[in-house]
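To begin, one chain is listed below as structure tokens, in the form predicted on its own.
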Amino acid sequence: MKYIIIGNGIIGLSVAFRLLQNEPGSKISIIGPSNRKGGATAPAGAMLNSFAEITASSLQSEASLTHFQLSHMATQVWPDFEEELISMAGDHLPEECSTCQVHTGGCFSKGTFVINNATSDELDDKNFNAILSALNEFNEQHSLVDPVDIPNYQPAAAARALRAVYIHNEGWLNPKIVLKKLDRIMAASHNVQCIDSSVKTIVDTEGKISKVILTNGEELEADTFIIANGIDATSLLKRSGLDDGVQSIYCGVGLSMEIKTQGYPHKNVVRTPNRGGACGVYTVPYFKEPEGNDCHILVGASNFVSSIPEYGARISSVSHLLHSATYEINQNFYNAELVSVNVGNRPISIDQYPLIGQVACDNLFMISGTNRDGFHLSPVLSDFLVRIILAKDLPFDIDIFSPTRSVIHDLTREEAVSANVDSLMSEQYQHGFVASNIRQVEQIRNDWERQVNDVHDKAGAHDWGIPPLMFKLYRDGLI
């Protein structure tokens, strides 16, 4: 069997890995630019957080519960997935993995601290409470801790947390090392061909995909084709005349920064709950060296949804993240060395849920729309997609995320208006807003509510609601 995988990011490589596991004799061509410019993995924190990502509006619909089920499963399977990668890589492991023993290695560890401080507004409190509620409901191991006991947590006095929870089984790893591991596995396999190019067109011949045409004019044939090229999925389908009924993909532009802390190493994730417009503030251990005391940390993350990709960092985002990490996590970061600024474009669907399954033809499949969860979900989604391709049983049904589904509307208009106003207000507080009096807050909220309702009217959203992340695209007429 011959496969063509369009896209060489974490999802595409994970699908190739699963195919090698399930069909060792298959021939696989992976097509994607080697520089992966603008790819979603670049800014990834790879926090392996499921419960820590829960918000007050999570777990209230079938789609949300199914997505959480995928996320929770991914957190559980990552250690096994790492072992599988190490085993298949054999002598081709990157240098950083030379002493790795998975659970005791340098680039993987468990333990996430979620802090609840007062630097934003009450949305933080609502989301923190939702995390605690879900941890209890699902009997997930956790401990309420005194924030002063969190290692290397030294915020400014005005930013100190009053509550914190330690989630034992969520953790972190270095996404760049994992990607390098997968690259080494593919390069070492005689059955895999990695092509440094892009696909211009997918060719449909009498209801079946027969080949792809690359940007250099080269044509490649295969039996089965998989679209896993992130934000470019929609434009490729449109160029190929195969986009009918497939939800559009937009760009969730994200930024993170790697710093070297000069003597303040982290062993755990330290983060706030998700906040309006983004995932809050986090610091993640960012292992770089196989031996020694590693002081590299990833600081993240900004987020905004755009109709077009961005490749450069916005100065305002860089400034805000550095200030937030220093002010809210550890004041000693003022003396840290800025190692790199990472910008990536995460593929996000209109309803913010993944697109996974068959599309257009019997031998064409798609996996995209993973938003900020692509890296985290890659071991699970790649396994599910390969099971779909090979007609094997799935652990549970994910038809709800079919690429040809209708847009999922799991918020009422009333719920969405409230959520959007909360999100927009949270954004203001994150960027230093201080009200002169309580009436000013009320006036601003009322103004936001009028604007949000106007956008709903223009979008024809009378009996459904616009998710906060997509509000500005609807407002600007881009959806």
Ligand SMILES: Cc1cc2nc3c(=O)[nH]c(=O)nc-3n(C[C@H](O)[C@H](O)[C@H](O)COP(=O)(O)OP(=O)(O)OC[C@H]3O[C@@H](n4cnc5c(N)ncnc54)[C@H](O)[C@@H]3O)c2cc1C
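Numbering starts at 1 and follows the sequence shown. The shown structure was predicted, so the numbers you read here are calculated from the model rather than taken from an experiment.
Not on display, but discussed next: the form predicted together with this ligand.
**Student:** Picking from 390 to 398, 324 to 332, 403 to 411, 345 to 353, which part of the chain touches this ligand in the predicted bound form when contact means heavy atoms within 4.5 Å?
**Tutor:** Single hit among the candidates: 345 to 353.
**Student:** Is every one of Ile11, Gly254 and His376 in contact with this ligand in the predicted bound form, taking contact as a heavy atom within 4.5 Å?
**Tutor:** Affirmative, all three are within 4.5 Å.
**Student:** Let me know the one among Gln430, Ser423, Thr41, Thr55 whose heavy atoms come within 4.5 Å of this ligand in the predicted bound form, would you?
**Tutor:** The residue in contact is Thr41.
**Student:** Ok, Met47, Ile28, Val417, Leu70: which has a heavy atom sitting within 4.5 Å of this ligand in the predicted bound form?
**Tutor:** Looking at Met47, Ile28, Val417, Leu70 one by one, just Met47 meets the 4.5 Å heavy-atom criterion.
**Student:** Is the gap between Arg275 and this ligand in the predicted bound form 4.5 Å or less for some heavy atom pair?
**Tutor:** Although this ligand is absent here, Arg275 would stay clear of it in the predicted bound form, with no heavy atoms inside 4.5 Å.
**Student:** Does this ligand get within 4.5 angstroms of any non-hydrogen atom of Ser210 in the predicted bound form?
**Tutor:** No, Ser210 sits far enough from this ligand in the predicted bound form that none of its heavy atoms falls within 4.5 Å.
**Student:** How about Glu82: is it within 4.5 Å of this ligand in the predicted bound form, going by heavy atoms?
**Tutor:** No, Glu82 is distant from the partner.
**Student:** Does Ser248 reach this ligand in the predicted bound form if we count a contact as any heavy atom within 4.5 Å?
**Tutor:** No.
**Student:** So which bits of 206 to 238 sit within 4.5 Å of this ligand in the predicted bound form, heavy atoms only?
**Tutor:** Stretch hits, in order: Ala228, Asn229, Gly230, Asp232.
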